[in-house]
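Just the one chain here, the form predicted on its own, laid out as structure tokens.
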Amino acid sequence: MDSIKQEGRTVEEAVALALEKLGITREEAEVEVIDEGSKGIFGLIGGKNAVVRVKVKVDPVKIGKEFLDNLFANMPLDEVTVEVVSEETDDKQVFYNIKCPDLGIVIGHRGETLDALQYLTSLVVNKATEKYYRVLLDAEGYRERRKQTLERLANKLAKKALSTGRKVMLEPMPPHERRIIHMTLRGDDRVTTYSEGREPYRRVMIVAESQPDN
């Protein structure tokens, strides 16, 4: 039972009764006051009970962590730890970090397994919540290392496009990795980047711009 409609002589009493039936604390609940009630004449005649609806508060951080813990418990991996990096959900973002001796299995080829785990966790979290949360999943700093690798690649291939005067085509990448390439070269007015193709084979193109003669 995730929610309950409860009457009481006062709002406070109705909430207390509902919390007891649900077996949760006030901090774990969302309370909607349906009717504040009234005491009636002299507190005796025409009085009306207060009515509230108390709902178990959904914790997106907890939901995601439990999902990942259960998932890894059924995988042939040892000593997997899921850390909650950020519990601040006001910005609608939840961030987890995975620690494991076999990180290569968790990350997969160029992060494909990690991306799939992130996608599944996002589905589970957002199915249980009314608001949308952006779920981020990392594995001991892999995301940042991959970002730096892509930034170096972008700059290297931009130089190649400039030196050859030819369009340079990168290998297919997921959307968030293509974005890193675009953002890295956005401030370089000597080249233009764009994406072409269909997923999952969509890739970034780097084109040298014609430079005016001095």
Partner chain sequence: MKELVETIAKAIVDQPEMVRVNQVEGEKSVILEVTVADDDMGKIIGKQGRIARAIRTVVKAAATKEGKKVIVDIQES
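Predicted model only: the values in this text are computed from it and were never measured. Residue numbers count along the first chain shown, from 1.
If you look for the form predicted together with its partner chain, you will not find it shown, but the lines that follow are about it.
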In the predicted bound form, the residue from Leu71, Leu136, Leu103, Val85 with a non-hydrogen atom within 4.5 Å of its partner chain is Leu71
TL;DR on 62 to 70, 158 to 166, 180 to 188, 23 to 31: the one with heavy atoms within 4.5 Å of its partner chain in the predicted bound form is 62 to 70
Query raised in the report: Is Ile98 a contact residue for its partner chain in the predicted bound form, using a 4.5 Å heavy atom cut-off?
Result: no
inquiry  = So, Leu117 and its partner chain: in the predicted bound form, are they within 4.5 Å at any heavy atom pair?
reply    = yes
Original post:
So, in the predicted bound form, is Glu130 in contact with its partner chain at a 4.5 angstroms heavy atom limit?
Top reply: no
Can Glu140 be called a contact residue for its partner chain in the predicted bound form at 4.5 Å between heavy atoms?
no
Checked 123 to 153 against its partner chain in the predicted bound form; residues with a heavy atom within 4.5 Å, sequence order, are Leu123, Val124, Lys127
